[in-house]
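First, one chain by itself: the form predicted on its own, in structure tokens.
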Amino acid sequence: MTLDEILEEIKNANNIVLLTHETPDGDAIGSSLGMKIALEKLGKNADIIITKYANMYSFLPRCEEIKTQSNIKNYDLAISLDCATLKRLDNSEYFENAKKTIVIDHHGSNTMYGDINYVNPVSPACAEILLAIFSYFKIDVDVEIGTCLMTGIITDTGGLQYPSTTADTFEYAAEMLRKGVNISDICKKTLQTQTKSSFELSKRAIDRIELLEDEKVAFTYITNKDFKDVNAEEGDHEGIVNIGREIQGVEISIFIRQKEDEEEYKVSMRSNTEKINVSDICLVFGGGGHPRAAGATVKGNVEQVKEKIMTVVDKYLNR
């Protein structure tokens, strides 16, 4: 049984590192912190190593304990959370150098890159998988763990609105409410609050929205200059991709943002229909994700990236 194997590896490890994907979202941060606190209940200390993350998640319990690097080069156990591929894993060297590796994830595009892989693509969030795992391990999910994991569930389901939300998701949410987790506060902080810089970025992105392919595709972008102009920080771009999907008739929303390497753009896609699997589109560019939400990285300037993406999108829209 995979869960028994995971528990055995945890018990055998003297030092553990928790890792997640680059530019982590609420599920990545929440799952990492929830796992750290849960491991402590098993008598294990674990390091979370994340290069940088959005300030909006600073309300999460134990967030101040996240490290940007570690003096330990070879951990006994590395656990990857909410990351589909080794290529996307932040600080992947700690994973590659560990004696044993475990992957816990919910992406259908996961490449099974760990020694032990526990992947459930039906789950709407990695955090929901962890709730089931902790139940199996008989770990008490207190308010701290519950707040972390509900943040993952809330952000990956759009506040329990996305089609990936299941009956189990609502049951977990009800259980967390009974535990004292303030779900409405999590929703407000993660989904309903913007920094001024985030608001300014959104304005620029809205001004640039193009409706393509008979208005079935919404496309927009922001650049490094935009980030500098409005003094934006990590995470201030979150949610911009959802603006396009709210336009009536739009089947695919595409948002690209310039990376530090100015000749690359991070692509985020959202689908409004079951017939368009944006994960398949992003896989063409070495990315992936979920049928309704996926991402990739594409080289070029804005027009070049748009042309590359739309060439592939056109085939999916018209097949």
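Residue numbers run from 1 along the displayed sequence. These numbers were taken from a predicted model, which means no experiment stands behind them.
Quick note: we don't show the form predicted together with a small molecule, though the next part is all about it.
Scan 276, 293, 66, 37 and let me know which has any heavy atom within 4.5 Å of the small molecule in the model of the complex. If I apply the 4.5 Å criterion carefully, the residue I get is 293.
How about residue 271: is it within 4.5 Å of the small molecule in the model of the complex, going by heavy atoms? The answer is no: residue 271 has no heavy atom within 4.5 Å of the small molecule.
Would 107, 266 and 288 all count as contacting the small molecule in the model of the complex, using a 4.5 Å heavy atom cut-off? Per the other structure, all of 107, 266 and 288 touch the small molecule.
Quick check for you: of 280-288, 29-37, 50-58, 66-74, which stretch puts a non-hydrogen atom within 4.5 Å of the small molecule in the model of the complex? Heavy-atom contact with the partner occurs in 280-288.
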